[in-house]
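Here we start with a single chain on its own, the form predicted on its own, put down as structure tokens.
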């Protein structure tokens, strides 16, 4: 089967809960971005310039897939796009350092001004991402293009001072819900632009929406509710959705099982084997330690990868965001072991 099945079909089968020859090995972009320094230095297609250019973004996405062995294209290369459109100031970083929020637009949830969705249509970075998705999907029809979104809670916490925002989730629920609901509608609109451009899968990373930060009650009230609203809308577009949740799962394990995504991606210290045993309906994704990938040798990377294969994890991927200094040799050891585990 491995000689006839394409990477796109392999991923689609796994996301659909069907059998395949082996797990796909992917890195979906956004928070989990594989545009590492080794790749950029070797090719000359570099960040931060590639955040703004369709041509450079396309070339860098192709470089990453070709040189790392990940079986997908994953864009964009950061988590700041949505916050920028909604008014926050962005530091675009350097070749070694990913973009970050320089200054949130609003001090409190009550201060948030809600621009029209046309802001997404007119934004140049959004246009570059949409054009890149279209170019990659046309040029590489057998390789899945994954569009990455920043989740509702994390996006809201990127346009409002985050410490204030987290307090207001408890103290000002009315305005908090109003903001997160609006942000979710923005993400649905953005996902629609990706879908129209030919994206195959949409991945949602919501690192602020953890059980440790929110606690079980607010995790249900905010994270599960709005992630499911987003996932349901993506499904109506005819696209599968992956959700990544950071942090420990003990306090929110039952809640996570209520997410309606097509795969669940988690941190390295969460046992995907336990999740599979407790919740057979969940397609598991992950979760090789990014610390291992950055600092250990290739043999340890291979050993860690074989554990994931032994545990029948559905989709193999890094557990979280890769450091830009991760050695290309370790990533190759990771992806090659999935493809040829002997």
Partner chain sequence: MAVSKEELYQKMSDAIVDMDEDLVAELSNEAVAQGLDAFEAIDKGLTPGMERAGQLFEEEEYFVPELLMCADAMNVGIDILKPHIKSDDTKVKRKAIIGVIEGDTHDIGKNLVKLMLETGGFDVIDVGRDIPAAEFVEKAKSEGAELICISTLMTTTMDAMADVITILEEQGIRDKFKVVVGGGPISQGFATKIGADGYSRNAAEAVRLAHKLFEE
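Residue numbers count along the first chain shown, from 1. Small disclaimer: the values here were computed from a predicted structure and weren't measured.
In what follows, reference is made to the form predicted in complex with its partner chain, a form of this protein that is not presented.
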item: Option from 145-153, 98-106, 183-191, 230-238 whose residues, in the model of the complex, bring a heavy atom within 4.5 Å of its partner chain; value: 98-106
item: In the model of the complex, the residue from 118, 124, 171, 138 that sits within 4.5 Å of its partner chain by heavy atoms; value: 171
item: Contacting member of 166, 224, 270, 112, with respect to its partner chain in the model of the complex [4.5 Å, heavy atom]; value: 166
item: Touches its partner chain in the model of the complex: residue 214 (any heavy atom, 4.5 Å); value: yes
item: Partner contact for residue 23 in the model of the complex: its partner chain, 4.5 angstroms, heavy atom; value: no
item: Partner proximity in the model of the complex: residue 218 to its partner chain, non-hydrogen atom cutoff 4.5 Å; value: yes
item: 4.5 Å heavy atom contact, residue 327 and its partner chain in the model of the complex; value: no
item: Triple contact flag 91, 290 and 294 to its partner chain in the model of the complex, non-hydrogen atom at 4.5 angstroms; value: yes
item: Residues within 4.5 Å of its partner chain in the model of the complex, restricted to 310-332 and counted by heavy atom; value: 321, 322, 323, 324, 325
